[in-house]
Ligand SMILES: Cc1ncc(COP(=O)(O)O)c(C=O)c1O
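Next comes just one chain, in structure tokens: the form predicted on its own.
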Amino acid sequence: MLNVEDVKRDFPVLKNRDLIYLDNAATTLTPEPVIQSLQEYYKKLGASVHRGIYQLANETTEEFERARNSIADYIGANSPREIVLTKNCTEGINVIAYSLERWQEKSGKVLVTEMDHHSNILPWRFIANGSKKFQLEYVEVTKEGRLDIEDYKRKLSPETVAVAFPGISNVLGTVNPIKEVTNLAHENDALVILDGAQWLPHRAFDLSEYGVDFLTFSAHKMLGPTGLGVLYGREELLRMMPPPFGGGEMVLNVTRQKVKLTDPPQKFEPGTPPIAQTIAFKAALDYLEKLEVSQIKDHVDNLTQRAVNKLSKIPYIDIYGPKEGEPRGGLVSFNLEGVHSHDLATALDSLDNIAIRAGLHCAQPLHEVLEINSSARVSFYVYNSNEDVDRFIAGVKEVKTILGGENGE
């Protein structure tokens, strides 16, 4: 098991203030090795990549591409050519959507789910609104917060162009059956786009096991720096897809009349890439591998189940998604009867320095399905402990006493 006290010492934010940080599904804190890697880039390197022919530029390019190789290895990609570096997970999904709309000859439906983050809804919605090529359709969520597989099967057909869905819901914590969804899609010749933003931080992912066509995730949810996302795409698909953006570095030759693009991944990376962030993300991956992903999963699962168990025993709490004993990602969304989620989050912060999320979590369609106008969310990571969960539970009860007009017990 993880030694949380040892882990905490690696995080300057936690050393410098009294804080229980439970907003990890939004972004994680940054450990010292990642901070040092960022500093070393600016102190020792600092040049751009791929363009200069002097030694400093070559050294920088080597470090940058070494990081790309590490990312490819981390998810089991066949080649670093399948790793496109973006500014976040959202941009990765946009690249896929706008490229497919221009390249894919097949017209028909794109299936998303009612539990999707706006990042995996709006790009497809914009394209569907502006083109007759794709029609957007939602796979329903059951009352228990699971993906409705029967509804998925009904809506899936040979006319389906793509299926885009989250590995884990950022509101419900539902762990979706990736293999089943992917296999059914491929039986209908549909491409599969997986939003891995909530999966990759605390679960192993091997592309050879799941067989998706595209995968997106963000560095800042995995102890890495902000400003970096990863888009994986099968190389044969990336070679066929046109880039949605234009700019420097992505071309082999440009005349006034013609453009010859370079090979992937560079053809999807116009302009100066996030160099420092990419190099520092390698340090984050090294840190995660040192802790061991299986241990991280067990630790986060235990904390999450502890929170679910304790919240379930409070009569004035409504929990959304899987309940006790069911698989769940490292988060719990809930509402406190008589107290708005914003007021709960503000009070927990003021009373006990507990940082949680409150609002719609960029998943407004799901909140409409759940018939609620907001929710509170706690999410856990490697530096959280059982004591953090217990202080959070005590804080919720205290807030109920203060703002709910009755005894929190």
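Since this is a predicted model, take the numbers as computed values, not measurements. So that there is no doubt, residue numbering starts at 1 and follows the sequence shown.
Another form, the form predicted in complex with the ligand, is not on view; read the next lines as being about it.
Asker: Thinking of S119, K221 and G271 as the candidate spot, does the ligand come within 4.5 Å of a heavy atom on all of them in the predicted complex?
Answerer: All of them do, each having a heavy atom within 4.5 Å of the partner.
Asker: Within 4.5 Å of the ligand in the predicted complex, heavy atoms considered, which of T160, Q135, Q104, T90?
Answerer: By the 4.5 Å criterion, the partner-contacting residue is T90.
Asker: Using a 4.5 Å cut on heavy atoms, which of T304, N170, N176, T278 is close to the ligand in the predicted complex?
Answerer: Answer to the contact question: N170.
Asker: Any of the heavy atoms of Q198 lying within 4.5 Å of the ligand in the predicted complex?
Answerer: Judged by the heavy-atom cut-off of 4.5 Å, Q198 is in contact with the ligand in the predicted complex.
Asker: Which single stretch, out of 122-130, 321-329, 291-299, 82-90, brings residue heavy atoms within 4.5 Å of the ligand in the predicted complex?
Answerer: Contact-bearing stretch, as computed: 82-90.
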